[in-house]
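Included below are structure tokens for two forms of one protein chain, each presented in isolation as structure 1 and structure 2.
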Structure 1
């Protein structure tokens, strides 16, 4: 049996992360073998490291971490449509095979709950030297996007949310002009980027000062940055004007309720952050209910993504590199050799996005 290195945890066991030997995955006749070049780190990885969730594949007592990925094809067959040396990003969720949505290729809407997710739930991830995958879940990456392609998985989440904003709003004649993104982390800034590609006047609201790199990235996208530390969410329309689209990407549940109160008539709020905990707070529920009803507003949540959203992300990356060259690269503020993973896990994190550099292939 061939052996490779991988970064693993024992699901449900806090601080159990380690780099260990794992079986090198053999390529089946229908699969593609990929050499991993880098992985992105995000809050989901931190939560799994903290023992909050995560599930090992059947038969294993460990889970290889990592779902944000970028690699190069090492081995393939003549029917995959891919060649050795092609750059790829893998999608994350795999269908349950039972529910109607999964049978229709919409595994991001799995209704049985029996889906698997690479590096998260029941399927090994990408913090390893190699992985194998069916070509239907691999997204071909143009060489010009090599340096930013690791951002494609979080971008796919944004692409799905914005795609569904426009699908939902087919209910009316609607020409959105102005959007606000709440939160200036990686997902928030990627949302701003996609909104700018769509031609919307875009505002990004964050707690960081206007001198912070996050603000500079927003300005590099020709979006307006609002430093809102200490400001009420409900005061924002006074600075932005009427808001047709609001995207929440803060991870703070109280922000959600404030965001419900700032939509223009016929506006729509997309929630992209997952909040944990058991917090309970008073909210102006009568006001919120009245605003949503009388404004014909919509609030919806979105998680995970379909392969088509990954492909749309590649398309938008190409547009962004043409219109705002170099801005996407500024989101990656730290590139760690993967043996130094301990500098991120369990540590106070700074910057915008950190990657683990696994290979230079």
Structure 2
């Protein structure tokens, strides 16, 4: 067995990180061997290092760290669509194989929770000299992007969020003009970049002063940087104008809940970050943010109705009268002659629905 160097941790053991010898994976007939050129570091790596997260592959007591990756094809067969020397980035999550979503290639919506993730959960990552992978999970990178391709994995998180903003809003006529990104870390700045490609007027709010490199990156994207240290989130629309899209990339729950109050009518808030680990004991509000993000959950408010919803109601009433005859009628628990309106207004209300009977026709 060949040996390679790798950076590993023992899952659940704080500060267990080490560079060690690990088996150099042999390429199987159906996969590709990739030489790793570079990995990016992110908060999840820090959480795994802190022992808060991470799961070793079956049979191993260690996990090779690293999920933001960039490499070059070392060996492949003729069917992979890739050639030796091609640059690639590997995706991270692998399907559970049993839930509806994973079966349809939507492992990012795995509903069993039994997905695996390279460098995070049940599969080795990319802080190693080599890895092997099925070609379906390798993204071919044009050589012109070799210096920035290590940013592709965090960008994919942003791309999913923005994709789903538009997928969700197909439900209405919607022409978003203005977007705000909360947080100027890598995810926040990459979100600003993608929003600019989509043609939106873009604001980035961060704690750092306007002289910070983050502000320069925003400026380079023709986005506006707002230094918000000590400012209430709810004051932001006064500086930006109505916000059709807000992307939350801080994971700080007070920011998350502030963000729920700054949307324009028909606006949408995308939560991309969970509250960082490293010993922080989450507040109940942090837990709500975690639940929404990790569950791919949607919360939406709905007011009023369109004429088509009245027509659908007529149709459903007919179905209800057929399936559950007389039940709808039971909702009307009191029928007052309309001159007796004073028996309802200003009184303690009982029953389910009261009507005022105005005429018998």
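Residue numbers count along the first chain shown, from 1. What we label the rigid core is the largest C-alpha set whose atoms superpose within 1.5 Å from one form to the other. Small disclaimer: the values here were computed from a predicted structure and weren't measured.
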Displayed copy of the chain that is the form predicted on its own: 1
Residue 304: Cα shift of 2 Å or greater between structures 1 and 2 (core-aligned): yes
CA of residue 330, rigid core aligned, shift of 2 Å or more between structures 1 and 2: yes
CA of residue 352, rigid core aligned, shift of 2 Å or more between structures 1 and 2: yes
